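Shown next as structure tokens: one chain only, the form predicted alone.
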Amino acid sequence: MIKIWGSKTPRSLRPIWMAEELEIEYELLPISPRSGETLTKEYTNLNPKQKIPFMEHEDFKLSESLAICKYLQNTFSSNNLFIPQTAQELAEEDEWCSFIYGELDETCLYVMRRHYDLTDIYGSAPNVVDACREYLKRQFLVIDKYLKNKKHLLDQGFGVADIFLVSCLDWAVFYEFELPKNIKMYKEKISERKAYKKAMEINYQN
């Protein structure tokens, strides 16, 4: 049995969405960040980082949303998403995942979260938030140009890179970003996926 810990964040959405695409059975333990649930002795023994998401598969334990999604992708077969079969395909997927996680998530959106949603903890920093917004807009221009006449990031079809990008696009929309035309069309199409809709409902319930 797969156990997935975490809910209510874009990062926790990713492994839930992956599990739904793979149509595998899993148990969700919907703890949320900064609720105190990640600081308990029980959870800290599982994940000393005290972060979500976190996964258990039998005796194997894993944190970080990208690592979890890649593990699930390579452990369970599926006809619903593309799984790289060659070194070049894997490298291309890794390139997109690294770009999305490094440039969109960590460099922009999560920094904004600290000084936008969590000002009581990290303090207000309007200049930082404005700089993140401008930087993210620049990255969106790159992605928007690339996505012209494309349905997915990889020509082979929908995959983990799309899960990561759409989770960041949802996050950006929540922060009132206006998505460029091609990105908006791409997001709207992928948002029609059954697994996405179910994962969103599960992750953000209540």
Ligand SMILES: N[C@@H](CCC(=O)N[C@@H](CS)C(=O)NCC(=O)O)C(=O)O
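Not measured: the values here are computed from a predicted model. Numbering starts at 1 and runs along the sequence shown.
Below: the form predicted together with the ligand, not depicted.
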- request: Spot the stretch among 22-30, 60-68, 143-151, 175-183 with residues whose non-hydrogen atoms come within 4.5 Å of the ligand in the predicted bound form.
  value: 60-68
query: Given that the partner is absent here, does residue 137 sit within 4.5 Å of the ligand in the predicted bound form, heavy atoms only?
result: no
- request: Could you confirm whether residue 34 comes within 4.5 Å of the ligand in the predicted bound form, counting heavy atoms only?
  value: yes
message: So, residue 130 and the ligand: in the predicted bound form, are they within 4.5 Å at any heavy atom pair?
response: no
Residue 82: touches the ligand in the predicted bound form, heavy atom cutoff 4.5 angstroms: no
message: At 4.5 Å, heavy atom to heavy atom, what parts of 48-86 sit next to the ligand in the predicted bound form? List them in sequence order, or say none.
response: 50, 51, 52, 53, 64, 65
